[in-house]
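Coming up is one lone chain in structure tokens, specifically the form predicted alone.
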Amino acid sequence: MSVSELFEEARTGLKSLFVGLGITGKAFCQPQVTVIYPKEEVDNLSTFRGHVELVGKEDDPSVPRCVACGACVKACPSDCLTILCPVPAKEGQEDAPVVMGPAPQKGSKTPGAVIVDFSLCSLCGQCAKTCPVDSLRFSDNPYMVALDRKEFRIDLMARLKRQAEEE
């Protein structure tokens, strides 16, 4: 390598260094964005994406809009959603206990249980996008903490009923 080539390389490197320092300097002079929790509260939760939750009907918020079609389960790449529906009793077995099976079930338009395993969820939103009746949305709860992974299996039907009772 000749001296002129070495000088050119150093000049290019210094230019890149000063461009980077300029960007860093501008960011350093901007107002702070980080919130020091728990001294300060987060105020922009409208854009936060927590786990998915069911949306209730307008006339009865404790009943989900879900029609148990299973589209969200099929669309989920993480396989974290489970929809269980009551399986219709066979002839002569009407007195048998209700058995739950995976959605969709013939003749069943309401889910018996909707469970999300938040420890597996990638928050991609495919379930909410594919739902034909818009029965899924993201929660705005940023304070989900647990010591055991099993606590991240959330029964969305029970959660919807609790939310309806609180309102």
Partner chain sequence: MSPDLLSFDHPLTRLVVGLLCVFAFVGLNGLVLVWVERKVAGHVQLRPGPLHVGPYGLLQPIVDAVKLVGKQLAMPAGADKYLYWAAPLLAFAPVTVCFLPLPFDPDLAPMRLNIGLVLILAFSGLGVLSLILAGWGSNNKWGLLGAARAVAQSVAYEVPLLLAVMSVAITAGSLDLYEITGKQGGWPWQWYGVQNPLAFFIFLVCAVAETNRAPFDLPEAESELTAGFHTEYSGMGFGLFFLAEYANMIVVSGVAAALFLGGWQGPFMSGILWFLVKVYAILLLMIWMRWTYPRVRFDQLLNLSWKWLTPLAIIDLALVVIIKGIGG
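Numbering follows the first chain given and starts at 1. Think of the rigid core as the biggest set of C-alphas that the two forms share within 1.5 Å after superposition. If you're wondering where the values come from, they're calculated on a predicted model, not measured in any experiment.
The following text describes the form predicted in complex with the partner chain, which does not appear among the structures shown.
- The partner chain in the predicted complex is approached by T24, whose closest heavy atom lies within 4.5 angstroms of it.
- Although the partner is absent here, A10 is a contact residue: one of its heavy atoms lies within 4.5 angstroms of the partner chain in the predicted complex.
- Proximity of K106 to the partner chain in the predicted complex: non-hydrogen atoms within 4.5 Å are absent; the residue sits far from the partner.
- Mapping the unseen interface onto this chain, M144 falls outside it, with no heavy atom inside 4.5 Å of the partner chain in the predicted complex.
- The stretch that touches the partner chain in the predicted complex, counting heavy atoms within 4.5 Å, is 32-40, out of 125-133, 54-62, 32-40, 111-119.
- The three residues G70, V73 and C76 each lack any heavy atom within 4.5 Å of the partner chain in the predicted complex.
- When two forms of a protein are overlaid on their rigid core, residues whose CA moves 2 Å or more are considered shifted, and R153 is not one of them between the shown form and the other one.
- After superposing the rigid core, the Cα of K57 is displaced by less than 2 Å between the shown form and the other one.
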